[in-house]
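One chain comes next, on its own, written out as C-alpha cells in the form predicted on its own.
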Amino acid sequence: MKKFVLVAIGGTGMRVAQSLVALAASGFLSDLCGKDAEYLLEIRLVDLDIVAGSDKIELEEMIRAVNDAIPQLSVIVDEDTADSRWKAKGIDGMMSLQPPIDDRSTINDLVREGYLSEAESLAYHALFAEDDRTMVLRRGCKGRPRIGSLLWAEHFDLDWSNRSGFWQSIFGDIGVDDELRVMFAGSVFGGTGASGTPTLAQKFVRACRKGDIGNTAPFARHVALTLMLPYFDVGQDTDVDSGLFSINSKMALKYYETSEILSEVEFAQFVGDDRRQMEKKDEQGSWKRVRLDRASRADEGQNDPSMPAELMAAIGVCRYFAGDIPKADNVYRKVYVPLKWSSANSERSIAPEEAVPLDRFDYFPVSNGGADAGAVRSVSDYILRLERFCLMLGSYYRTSAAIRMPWKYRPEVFRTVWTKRKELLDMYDSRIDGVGAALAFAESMFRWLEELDHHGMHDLLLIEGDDKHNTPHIQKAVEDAAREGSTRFDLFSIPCSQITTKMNSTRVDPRGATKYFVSSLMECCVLRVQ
C-alpha cells in the first residue's frame, strides 16, 4: 500500500493544500498514480494562526465538503468505462499540530525567562528584540521565522514520543514494507512556513533514521520539500512587511545552500511567480484587497485567496507522490524550479523579467515527457472538468429546479430522479434526498477556481465578466440560459446540449438515484480526447 502525507505549514502551506485537495478531487492524482494504484492521502496542518476564518479553517471546510460528497462522486455509472472514469479522491486523514498557545500567548510566556540561566537569558535578549518577545502569536509569526524556529524545534521533540501524537500517528496504518511519501510545504519568505518547513522536515528525517520509537528508518527515504518563493504583496500598514520578502527569501535560500537539509531530503521544489496584490471576495461579493494591517480586527485570521503559484506547487506535490520526479538529461533532479514555458516554443523557458499572461495550461508541467510519461499530459482537463461540473450542478440544473413550471416541462432527468413535486428546489438542495452534499462540494471548488481566475488565470477559466465587452460573470450567463431553457452554449469545448441530452437519457437505480445523477453529470463533464 502507498500513503501520501502533505504537511502544510503556515498560511501558504494551507493554500497549497487547498490546490492539492482540488486536484485530488478532480482525479488528477489518481490518474498520475495509474489505474491500479491504491493509496491513502492525508493532510496534516501546522500553523500558529488560531483565529476563526483563517486559511486553515477554509482548508478544513474544503476537505469536509469533498469528503461529504465522495459517496456521490464515486458511483460507477457504466462498467464499460469504469477504468477511465473521473476518479475523485477524498482525504483519508487530517490532523493538526496544536502549539501550546492561547489568545494572549507570546514567546515570553512560552520561554519563561525566569527559568533561564544568565547566559541563556543574554542569548535570548540578543536574538529576540522586545517587539519579538511580546508579539501575540495567535495570528502566526507574521514574517518572523526566528520566532517560529524556536517554537517548532521544541514542540517536535515534545510530540515525537507520543504514540497517538501528530508524528507517530503517521505510521499507525502502514507497515515498514509499505511506501510512505511525506511532503512538507510552506513559504521561504514568511514566518510560520519559513521556520517550520526546514525545521520540521529535518527533524522528521533524522528522527526516523534514529529509530528510537521503532523501525522507522525506511520512512526517511521519501521526504520532500515544497518551498514557495514570493508571489504576492500585502499592504504597507501591516505587521507583515512584504518589502522584506525578497531579502528573507535570499537569506533562506542561502541557508538551504549551506545547510544539510537539501542533502537529507529526496526532492525539493521551489515555486514562485510574479508578485500580485491579493484580493478576496467579501460577504457582498465584492473583491477587496487582503488586509493584514494593524487596524484589522483582533479576531480576524489570515485568510488569503488561492493563487496560480499554489496550483503549480500542488501539481509538483502530486508528481512527487506519484513518483514522477522531474528529470534533467534523464537524471532525477534533487532541486527543481518549475518555469513558465513559452507557448510558441516549448523548449524555451521564459526569462524572469518577462511578464507572460497565463493563457495556456502548458505553463504547468505535469510529467517528464518522453517514453516514461504517464497518462496525464496536461492539467487542463482536470481543472476544466471541475469548472464544468460546478456550473452544471450549481448554476444550470439548480436554476432549472428553482423555476416554477408544469412538471411535464421539467428536464427529463429531473422526472427520472425525483418524484413529482411542486417545490423541486427544496428536494434538489437537500443533503438527504437531493444533491446538497455535491452542491457544497461544487461551491467550495468554484470559490477556489474563481480566486485563481481573478489572480491571473482568467484567460483559461473565463469566470469573471468583462464590462468593456458586456460579458457577464459565467455563473450568471449559465443561469440566464437555464431560465430560458437554452442549451446553446459551450462549457469549455463540450456543448451544454451534449451534456443535457446524455443526462436526459439516464436511467438510474431508484435506491440511489441522486448518486447516479451526480456521478452521471461528472462523467458528462469529462473531456476525453480520442
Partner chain sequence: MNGNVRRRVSVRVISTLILTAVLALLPPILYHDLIYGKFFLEDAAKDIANQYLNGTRWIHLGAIAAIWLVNLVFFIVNQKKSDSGKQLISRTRLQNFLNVLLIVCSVAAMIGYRYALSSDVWIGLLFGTADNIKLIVWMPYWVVAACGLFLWRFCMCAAPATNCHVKWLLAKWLDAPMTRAERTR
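The model shown is predicted, which means the values in this text are computed figures rather than measured ones. Positions refer to the first chain, counted from 1.
Beyond the structure shown, there is the form predicted together with the partner chain, which is absent from this document and is the topic of what follows.
In summary, among the residues D490, E484, D36, D467, the only one with a non-hydrogen atom within 4.5 Å of the partner chain in the model of the complex is E484. P411 is the sole member of G394, P411, G434, P230 with a non-hydrogen atom lying within 4.5 angstroms of the partner chain in the model of the complex. Contact annotation for T216: none of its heavy atoms lies within 4.5 Å of the partner chain in the model of the complex. For the chain shown alone, T416 is a contact residue for the partner chain in the model of the complex, at least one non-hydrogen atom being within 4.5 angstroms. The partner chain is not drawn, but in the model of the complex it has a heavy atom within 4.5 Å of S520.
Proximity of T506 to the partner chain in the model of the complex: non-hydrogen atoms within 4.5 Å are present.
Taking the partner from elsewhere, every residue among E79, M405 and S497 has a non-hydrogen atom within 4.5 angstroms of the partner chain in the model of the complex. Screening 38-46, 61-69, 498-506, 24-32 for residues having heavy atoms within 4.5 Å of the partner chain in the model of the complex returns a single hit, 498-506.
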